[in-house]
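In the form predicted alone, a lone chain appears below as structure tokens.
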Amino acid sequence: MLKVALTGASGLVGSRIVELLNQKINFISVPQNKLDITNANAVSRKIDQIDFDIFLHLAAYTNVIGAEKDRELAFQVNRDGTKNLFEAVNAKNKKFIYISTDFVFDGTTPPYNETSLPHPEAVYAQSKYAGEQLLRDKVIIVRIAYPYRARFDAKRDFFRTFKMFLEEHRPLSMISDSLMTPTFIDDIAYALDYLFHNYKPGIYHLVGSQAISPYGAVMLVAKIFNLKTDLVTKITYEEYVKTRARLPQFADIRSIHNNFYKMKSFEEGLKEIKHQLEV
């Protein structure tokens, strides 16, 4: 059985990967509370103690707003921590997969595929791209975008936040002139399973097959789950970012390298989630 060590095994994405694939892959969790990845010596000692075939690096500093206030910490975790892990894994001559983000693109000239040139604007995105630059051509880099799933008590993704607001009949002001690419986490897991067993260094976008505006996304959630939309209103991107960190406006992410697993559209993902919640 393939052995995959990973950071972020308890997170939104990592926990679902483990849940779906643990019957055929032996996962070895490296929890953040047990290892400071910014400490190179500690990382080297820990990695040396683990027997694995592939190291999947999911853990990251992901607080987009917080990163603007603490640039140093974001880079320590996302660049330096990634460097420490890769060097320790590489010293064992093992394979490495780095999970990155669609935020490395600035959202001004969509669509973006694996050959598009990143231009990260926010500190979080810059720090994740710095990790990519250290690893390029040496490992598999996987970019994901707006991941969502049916259940996860520890953290609400954007889908479950939208659904909660609609269910509680609370006002929602949604951007109508921007694009996001929602990605069903189950699809990420199954696509990663292919890459685990068919490892080839390169960049892969494991993203949903449909770019949609946040307003359109809310309306789809309402449609699939039969919820009222009378308190949903439209706002512009510029109105939204006046008081928040700027996010990529047109995050239309596509893939030319993923020819091995068909990713769902947002509507298809929501229908699958509805089925999962009913059984």
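In this text, all values refer to a predicted model and were calculated from it rather than measured experimentally. Note that residue numbering follows the sequence shown and begins at 1.
Only in words, not in the display: the form predicted together with a small molecule, which the text now covers.
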| property | result |
| --- | --- |
| Residue among Thr62, Ser44, Thr229, Ser213 with a heavy atom within 4.5 Å of the small molecule in the predicted bound form | Thr62 |
| Answer option from Leu35, Ile50, Ile224, Leu247, heavy atom within 4.5 Å of the small molecule in the predicted bound form | Leu35 |
| Non-hydrogen atom contact Val18 with the small molecule in the predicted bound form at 4.5 angstroms | no |
| is_contact(Ser100, the small molecule) in the predicted bound form, heavy atom dist at most 4.5 Å | yes |
| Heavy atom of Tyr124 within 4.5 Å of the small molecule in the predicted bound form | yes |
| Tyr146: touches the small molecule in the predicted bound form, heavy atom cutoff 4.5 angstroms | yes |
| Heavy atom contact within 4.5 Å of the small molecule in the predicted bound form, the stretch among 87 to 95, 115 to 123, 146 to 154, 160 to 168 | 146 to 154 |
